[in-house]
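First, one chain by itself: the form predicted alone, in structure tokens.
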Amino acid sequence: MIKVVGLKKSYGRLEALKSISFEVEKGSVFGFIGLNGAGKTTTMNILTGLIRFNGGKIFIKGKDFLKNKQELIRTIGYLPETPTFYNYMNAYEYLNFIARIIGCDLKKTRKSVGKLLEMIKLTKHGKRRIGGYSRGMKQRLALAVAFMNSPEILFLDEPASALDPEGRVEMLELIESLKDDKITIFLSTHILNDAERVCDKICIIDEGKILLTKNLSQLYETYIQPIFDVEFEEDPEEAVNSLKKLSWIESIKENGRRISIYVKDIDHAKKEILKEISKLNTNVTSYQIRKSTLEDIFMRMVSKNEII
């Protein structure tokens, strides 16, 4: 559905995208994840035709994007991270206004506006001024706008990043429901729990480079690794410094008095880690071994990229 080959983008001397390549299958949810500033929004703005790129190729539905841009843009819907509206309008007025701009048949549009508001759960607030909407309501209205042209491909840029927990759940449920409609979804996010819940494939980008692209199931199979979580009674700084000297420890993530230990040799670690912890001059309040999550895999990949 989408194929990107050697895509490059620079802003003066700054290389925002460093020859990135990936593919998105039709009808899938593609999770494009990375820290703020990694290159996610730049990539989405290029793929939706908003900005130009300096090198590489883009193919959508098998067609060269540059040569068939006007045709392909009509098959795309885009939800930006921070959508803007005319706050004096209500939802019905705004969606009909957008329909006229993009050339939709008004009779058909009036019928579809009601369905869109029902889909995003804004029917009861359809005649309320948008200026009085919460951030979550505006995000849902922006999703309706993205759906106005019945897109085959939907780009979502951080759709739940500024929402409260309830709003995030509602947005993820909407995204999950779209799988039944066979819509291809390109989801940019730094909220890894969201990606883990709805995505079929994960692509990790950091500092303009693609670190990996794999199906979620393959990702767990390849990078699954037990993690040792240890919590101390006092600040673990001295313990962390001692443990980092061990050659079989890959890295340590700190969170207050709790540390997560990533190891290179799991069998050796199981035999030796408790011995090493017992040598430390601090009391341990809890110890457990758990499986990797997407967040753990992401942090490992980004840490390795920083070292490189």
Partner chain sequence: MRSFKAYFKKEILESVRGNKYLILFVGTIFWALMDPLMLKLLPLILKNYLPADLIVLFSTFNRDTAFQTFLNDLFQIGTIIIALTLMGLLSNEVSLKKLVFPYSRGASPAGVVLAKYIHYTITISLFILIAFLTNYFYINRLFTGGMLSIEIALKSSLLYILYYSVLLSILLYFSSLFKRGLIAGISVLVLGYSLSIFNQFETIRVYLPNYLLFKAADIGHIFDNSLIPTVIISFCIIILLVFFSILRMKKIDVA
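Positions refer to the first chain, counted from 1. If you superpose the two forms and keep the largest set of C-alpha atoms that fall within 1.5 Å, you have the rigid core. Note that the coordinates shown come from a computational prediction; the quantities given were computed from them, not determined experimentally.
There is another form of this protein, the form predicted in complex with its partner chain, and it is not shown here; the text below is about that form.
Exactly one listed residue, out of N36, N281, S247, Q70, brings a non-hydrogen atom to within 4.5 Å of its partner chain in the model of the complex: Q70. Taking V230, A160, L192, A146 one by one, only a single residue has any non-hydrogen atom within 4.5 Å of its partner chain in the model of the complex, and it is A146. The candidate site formed by G6, K8 and F32 is entirely out of contact with its partner chain in the model of the complex, as no residue has a non-hydrogen atom within 4.5 angstroms of it. Picking from 235-243, 43-51, 24-32, 261-269 the stretch near its partner chain in the model of the complex, with a 4.5 Å limit on heavy atoms, gives 43-51. Proximity of Q218 to its partner chain in the model of the complex falls outside the 4.5 Å heavy atom cutoff. When its partner chain is considered in the model of the complex, F186 lies well away from it, no heavy atom lying within 4.5 Å. Heavy atoms of K121 never reach within 4.5 Å of its partner chain in the model of the complex, leaving it off the interface. Proximity of Q225 to its partner chain in the model of the complex falls outside the 4.5 Å heavy atom cutoff.
In this stretch, 182-214, not one residue has a heavy atom within 4.5 Å of its partner chain in the model of the complex; the partner itself is omitted from this view. Superposition on the rigid core between the shown form and the other one places the CA atom of K127 2 Å or more away from its counterpart. Core-superposed comparison between the shown form and the other one: the CA of M137 exceeds or equals a 2 Å shift.
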